[in-house]
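Just one chain is shown here, as structure tokens, and it is the form predicted alone.
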């Protein structure tokens, strides 16, 4: 790094509604890291504590800027500072390394906890206890502390020690079983949907505890289960099973792109011009249908009795979907989206990642993706968060920390160590 770049990365005074909040952050992967990123985005000082010998998996995944790989390809010598997932999950945080298998490493962690008053982690149950960092010990280190634990199954119950990742959580909580097409096997929800979804619950729980402590001075113990967060997404399917006794998988269910409550037809994704291009269309009432028919130029098929009412369209939905698809396939998906929206029909282009980053004017106007410089990968786009707070801003002061980048700053400025002591810690493999 050049001198100018180093100066830009030196931690300064944080801005935002959470400035003054300090977090000793042991989180890794996505479910914890995304939660603490939300705090860091709005001014909290989040000190990410890592083990140099056991890097976070997102540091090691070879998802690199500008390097296209086939699915499953690996980098035998991954650069821990290039990982795209890690860099996306950990912006605006400080980063230090600590060997928690050593007594000195654990002592330094305790001093950081005493200074911070908030501890976050999403290890398998028992890891924190192995280090002696029980709830009682953390309270001794700093009365009124908040301990936030984020696990797949929670920290009690017969399965609380089961290992888990996002795809496993999605299966156990019922999302996979309720997803897919009629007559087909259950469908997965992408790689780790629940890692990100549960992270929002973790952030809300942290904010609740911070507010409670500010009001009463009392600390809190947080225990968030990603499985339970996923159950909350089942919606009417769960109610239908429990109240009406209807199974979630039956000949006409799951319904794929078709909607069951309320009635809607057409409702689905239809082909657009070009390879693998699609548009979503949703018609909920006769007004919507009339508008769609007018946009289509009142074709003969659209005004026959098979599609005259919502009930009739539902009874003939297979034919309706096929005929509508024959019309939509002639249009560019974005052109058709604007045409239908102008007529009052709910419709949206099915966008891919390139559409989102390069062509969507709404996303661009909101500043959803923004650029940060990084000492190893250079300038890169990062995803923002979909909220705006009046009188405040998402304070993007730095891209994710390099491995151990803030060891000197944290150990000297926060814990008061001198250069000789820090040098000895490095030589002994403590940091």
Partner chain sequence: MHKRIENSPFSDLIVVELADTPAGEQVGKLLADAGATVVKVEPRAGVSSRHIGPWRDGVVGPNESLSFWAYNTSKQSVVIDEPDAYSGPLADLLDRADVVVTTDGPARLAERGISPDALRRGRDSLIVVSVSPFGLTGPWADYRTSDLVGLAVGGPLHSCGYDDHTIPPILPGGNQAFQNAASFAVQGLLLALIERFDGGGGQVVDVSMHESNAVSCELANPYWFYPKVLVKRQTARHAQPTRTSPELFECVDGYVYFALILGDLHQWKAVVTWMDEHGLAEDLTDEAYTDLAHRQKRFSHVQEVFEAFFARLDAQTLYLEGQERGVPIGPLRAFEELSTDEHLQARGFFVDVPLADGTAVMFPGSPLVSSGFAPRPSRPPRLDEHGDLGVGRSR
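Under this definition, the rigid core comprises the largest set of C-alpha atoms superposing within 1.5 Å between the forms. Note that the structure is predicted; figures quoted are calculated from it, not measured. Numbering follows the first chain given and starts at 1.
Below, we refer to the form predicted together with the partner chain, which is not included among the displayed structures.
Selected contact from 127, 303, 322, 191, since only one has a non-hydrogen atom within 4.5 angstroms of the partner chain in the predicted complex:
Checking each option against the partner chain in the predicted complex, the one that comes within 4.5 Å is 191.
Just one of 331, 165, 289, 123 has a heavy atom within 4.5 angstroms of the partner chain in the predicted complex, so which one?
After the contact test, the surviving option is 165.
Which one of these stretches, 311 to 319, 266 to 274, 293 to 301, 101 to 109, sits within 4.5 Å of the partner chain in the predicted complex when only heavy atoms are counted?
In short, 266 to 274.
Does any part of residue 337 reach within 4.5 Å of the partner chain in the predicted complex? Heavy atoms only, please.
It does: once the partner chain is placed as it appears in the predicted complex, residue 337 has a heavy atom within 4.5 Å of it.
I'd like to check something about residue 327: if you look in the predicted complex, is any of its heavy atoms closer than or equal to 4.5 Å to a heavy atom of the partner chain?
Although the partner chain is absent here, residue 327 would stay clear of it in the predicted complex, with no heavy atoms inside 4.5 Å.
Since only the chain is shown here, I'm wondering whether residue 38 would be in contact with the partner chain in the predicted complex (any heavy atom pair within 4.5 Å).
Looking in the predicted complex, residue contacts with the partner chain include residue 38, since a heavy atom lies within 4.5 Å.
Would you please decide whether residue 63 lies within 4.5 angstroms of the partner chain in the predicted complex, comparing each non-hydrogen atom pair?
So residue 63 counts as contacting the partner chain.
For the stretch 382 to 399, which residues lie within 4.5 Å of the partner chain in the predicted complex by non-hydrogen atom distance?
Contacting residues: 382, 383, 384, 385, 386, 387, 388, 389, 390, 391, 392.
Could you check whether the CA atom of residue 393 moves 2 Å or more between this form and the one not shown, using the rigid core for the fit?
The answer is yes; the displacement is at least 2 Å.
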